[in-house]
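Heads up, the chain below is alone and in the form predicted alone; it's given as structure tokens.
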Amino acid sequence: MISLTALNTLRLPAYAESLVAVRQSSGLLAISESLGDRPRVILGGGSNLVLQGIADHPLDAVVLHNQLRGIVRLPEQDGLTRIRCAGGESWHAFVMWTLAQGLAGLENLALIPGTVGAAPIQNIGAYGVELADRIEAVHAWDFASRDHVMFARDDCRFGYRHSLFKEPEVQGPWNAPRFLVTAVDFSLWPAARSPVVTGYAGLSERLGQMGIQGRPQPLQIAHAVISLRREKLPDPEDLANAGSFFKNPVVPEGLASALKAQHPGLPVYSQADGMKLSAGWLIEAAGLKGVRKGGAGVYDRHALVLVNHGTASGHDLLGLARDIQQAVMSRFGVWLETEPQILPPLHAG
């Protein structure tokens, strides 16, 4: 039996019957053949994950740990630098590598935990930028055809915290995922002529506090983002967490207007498909910032983050999450959707 506690940033006690390290994409055919029809789950950095496989009920699946490494430059196209990064690389380390190479486009996404392979699945986003804006293609291993496949950006069906790889009819059930992301291709600008995105709340103010006037450099934006994230979010090494635990809800304009009229301080953002509300504000306004339930708690500096104070199980954490959902629904009529993947899902037998 293999402990997964050190492989998830919530540090939840969890176990699996076996674990296979995926270190070379060329070895995926042999791994597929050895697995046959056995259940499997794919694990990256474990930063967007709630594990429930406790010692007496371990995950009934082989855990495939994505440890693919490597970064290569591809031929330039339309004045943009194209980079291919392996799925097992650290996302933040990759962002900082691109900036060190004089490339820009990912600076607003600095310090997001997890791996490069997990980033397109979630379509990570922060401070006015979504990963979908910078991706050219996603490469994956297809367990159904037992072959390598590529998805162009427009084929990935990116949306808010969504992609084709999260759709059950495409990816399959939790214990038989079809695709393992092996690499991602990015199109990035030379730093000297890259567009900058600084309009998101708090970012331009932080740049000003740093004494940066006029057009900031991409590396300066990254440092401002890092400063903001460290101020708001706990380091998983110091306090176990999985980052934002709930998605910002998107609601009809009528409901958003009614809530804004009742609660003038509620942040509301216009979206193509409705109005996005601040989940963190809703949780805090419901009086839940800093509350604890056993070893699980709401972070006292950012209500969108749930933390493990050291003794929480997956059951404890999900119980607290349900309490939050019910409290916000009762007060505001808005249901919060959880962001991390839950393994096994709550509905699984």
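Counting begins at 1, following the sequence as shown. All figures in this text were calculated on a predicted structure; none of them were measured in a lab.
The protein also exists as the form predicted together with a small molecule; that form is not presented, and the subsequent description refers to it.
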Self-check item: R230 within 4.5 Å of the small molecule in the predicted complex, heavy atoms
Solution: no
Quiz item: Wondering, does L49 line up within 4.5 Å of the small molecule in the predicted complex on heavy atoms?
Solution: no
Exercise. Evaluate G295 for contact with the small molecule in the predicted complex, applying a 4.5 angstroms cut-off between non-hydrogen atoms, and reply yes or no.
Key: no
Quiz item: Is G88 one of the residues lying within 4.5 Å of the small molecule in the predicted complex, judged by heavy atom distances?
Solution: no
Self-check item: Partner-contacting position among W189, Y127, W97, W174 - heavy atom within 4.5 Å of the small molecule in the predicted complex
Solution: Y127
Exercise. Select from the listed residues H92, R82, H139, R161 the one whose heavy atoms reach within 4.5 Å of the small molecule in the predicted complex.
Key: R161
Quiz item: With the partner removed from view, which of 178 to 186, 237 to 245, 250 to 258, 145 to 153 is the stretch that lies within 4.5 Å of the small molecule in the predicted complex, judged by heavy atom distances?
Solution: 237 to 245
